[in-house]
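Each of two forms of one protein chain follows alone as structure tokens, named structure 1 and structure 2.
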Structure 1
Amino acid sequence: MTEIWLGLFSGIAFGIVVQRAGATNGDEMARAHLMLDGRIPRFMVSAVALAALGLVGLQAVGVGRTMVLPTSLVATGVGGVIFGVGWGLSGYCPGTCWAAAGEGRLDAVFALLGGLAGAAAFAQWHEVLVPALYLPTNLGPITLARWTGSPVAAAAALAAVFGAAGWVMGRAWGSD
């Protein structure tokens, strides 16, 4: 029961942070994609960097756990294209879509329904799609920790790269 309450609290906190960052507002997302406002992209790279450091911290005390799945170039590419088209058409990624729907944005409700329909279609065609798209270019599990030799070094490298990306975005995306 504790896990349910922790998940509920975490989801609500995530929604509040995403909403306060402006990622539930289609106009602000469009400004970010048009490189007119760098606040949302900087928020996103900061969130990934902090999550990486947080996961390393949780793993250090024996609480965090990850499951690394094999990497497939074709499946990842097709999934990335579908994700990008969906985000471009709706203005929402999956996390911001839920937060915006909770905020009462009707366009987000339709985007959410489209995402759920896509997930249902994938579940229906999973048996056909995996051998066709996933298996031919399966490269096995690939992790930054294996490349650097240490999870701490990987998290530090990720934080540094994403921090630098946030700084570059602040310069390239105009002033806030």
Structure 2
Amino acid sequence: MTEIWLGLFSGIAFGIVVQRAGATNGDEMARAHLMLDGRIPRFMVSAVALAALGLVGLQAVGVGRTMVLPTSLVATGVGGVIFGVGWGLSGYCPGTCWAAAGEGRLDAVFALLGGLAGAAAFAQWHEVLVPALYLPTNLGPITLARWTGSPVAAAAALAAVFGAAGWVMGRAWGSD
């Protein structure tokens, strides 16, 4: 029962922030994809950098739950290509389209309906697609800590690289 209220609270907070970040606005998202404005990409990579450091803190005090999804060379890559076409075409993500629909953008309602259709289609063909594309090149739930040895060092390196990537995008495309 608590989970339901935590989900609702987290969702409301998340929806407010993505709207205030401009991520529910198809115009802002298109300008980001066209490298005319670096504000949204810089926001995204910086949020990941900060959250990675925050998660190190949580793990240090033994709070929370993590779950690393596996890397499948083919399925993660092909899924990403299909997803990227949808993102570039619509300007929405599976999360932002809920917030944009709530904001009153009718094109987001159609993205949401298309999303339900796409999820239903995948669920229908899961039994064929997962053995064909996901399982053969599944490398398991690997993380950067595999190469650095320590998760804290890996998180620091990731935060530094993402912070620098955000700075470069902000300088090159503008982020005011």
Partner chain sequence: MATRRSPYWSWSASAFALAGIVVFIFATFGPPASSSGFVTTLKGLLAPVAPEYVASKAHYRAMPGPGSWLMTFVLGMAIGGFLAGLTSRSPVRDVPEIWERRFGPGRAKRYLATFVGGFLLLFGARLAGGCTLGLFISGSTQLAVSGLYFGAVIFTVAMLTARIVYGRALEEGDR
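All values derive from a computational prediction rather than experimental measurement. The term rigid core refers to the maximal set of C-alpha atoms that superpose within 1.5 Å between the two forms. Residue positions are counted from 1 along structure 1's sequence.
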- Task: Can you spot the form predicted in complex with the partner chain among structures 1 and 2?
- Result: 2
- Message: Please determine whether the C-alpha atom of residue 147 is displaced by 2 Å or more between the two structures following superposition on the rigid core.
- Response: yes
- Query: Using the core for the fit, does the CA position of residue 58 change by 2 Å or more between the two structures?
  - Reply: yes
